[in-house]
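In the block that follows, a single chain appears as structure tokens, in the form predicted alone.
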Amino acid sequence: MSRLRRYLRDNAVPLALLSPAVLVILLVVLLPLLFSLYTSFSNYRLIRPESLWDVVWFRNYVRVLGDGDFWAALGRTVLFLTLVLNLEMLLGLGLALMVNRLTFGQRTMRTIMMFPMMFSPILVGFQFKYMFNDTIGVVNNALQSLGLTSHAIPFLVDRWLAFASIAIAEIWMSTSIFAILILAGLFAMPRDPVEAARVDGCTNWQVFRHITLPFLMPFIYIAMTIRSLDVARAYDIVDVMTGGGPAGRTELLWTLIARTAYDDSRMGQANAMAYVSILLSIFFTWYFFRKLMAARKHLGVF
């Protein structure tokens, strides 16, 4: 106790300055989190406020684990995340390598690369929704004008085309995150190993494969960790472009959770779904963090 009193006396001013921020975090983050955790063990329905006190313990979690729609949405989310992350990484890597080779206008190109990520996901969703529209969409009009198709393609109605359309919108908006982080890695990479490899007669592919790419892997894994958390809880673009349709074929985890909570008014079951889906985010974060640590160890950075 004497040690605690001494610590409080010596750090009274810093603790007093930090207390408003801690209070705000408790009110804005911790209390809603605890409330949602409690409701996941209750039969809470928005249209029946008194059901907040109807505790059902693990019944919501049992229902979620036995719900085919939940597992289908989870599978689509994992597929969407895998597809989007890998394509964003490849496109971002190519874009960063091209920008790095520019000798004129490099700063301008770095600024332009950041434009897509500045747009609201809802705005991007509306933009691509009208681009892929089967009657007034730019894509269908361009394909028909070029004679590549004689009829409108139902991009947002067909199951796989709608899935691909959402992925394209997500990739367009967020590829720049990979490009910027990889470009930062290229700027930080020492030139001596590259020049020594070229003197030894290595081809461009060998230099990239054995020197450039291993050095960039920590930056790539950082970008993948950030983006995996974003993509795993994708909602805005999906809701605007397809609403989870057609017939729920593009419904991801968080669109299913939102429909369960607000359309079906089953807030308790929706919160149980949300806590189960958090495990997906934790898994991908853990996986990419391990890969990041392995890449840093390979480079001799601890």
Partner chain sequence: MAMTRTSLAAALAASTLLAAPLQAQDYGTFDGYTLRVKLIGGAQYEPLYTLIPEWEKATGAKVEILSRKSHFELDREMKQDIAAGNTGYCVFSSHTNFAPQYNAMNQPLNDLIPAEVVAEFSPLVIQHATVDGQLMSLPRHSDVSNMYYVKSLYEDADNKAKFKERFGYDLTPPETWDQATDQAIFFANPPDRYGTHFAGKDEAITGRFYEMLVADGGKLLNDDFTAAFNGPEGVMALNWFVNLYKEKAVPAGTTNYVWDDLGLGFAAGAVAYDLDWAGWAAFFNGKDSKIAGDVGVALAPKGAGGKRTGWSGSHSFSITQTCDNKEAAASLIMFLTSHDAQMMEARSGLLPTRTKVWDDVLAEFEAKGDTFMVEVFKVFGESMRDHAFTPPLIPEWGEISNALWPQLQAAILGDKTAEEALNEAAEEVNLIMSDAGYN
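Positions refer to the first chain, counted from 1. Computed from a prediction, not measured in an experiment: that's the story for all the values here.
Omitted here: the form predicted in complex with its partner chain. The next part is about that form.
Of the residues given (R101, R159, R198, R209), R159 alone sits with a heavy atom within 4.5 Å of its partner chain in the predicted bound form.
Though the partner is left out of this view, P154 does reach within 4.5 Å of its partner chain in the predicted bound form, counting heavy atoms only. The closest heavy atom approach of D230 to its partner chain in the predicted bound form falls outside 4.5 Å. Within this chain, T242 lines the site of its partner chain in the predicted bound form, having a heavy atom no more than 4.5 Å away. Contact annotation: Q127 falls outside 4.5 Å of its partner chain in the predicted bound form, judged by heavy atom distances. Partner contact region in the predicted bound form: 133-141, out of 175-183, 105-113, 222-230, 133-141, criterion any non-hydrogen atom within 4.5 Å of its partner chain. Contact residues in stretch 22-48 (any heavy atom within 4.5 Å of its partner chain, taken in the predicted bound form) are N43, Y44, R45, L46, I47, R48.
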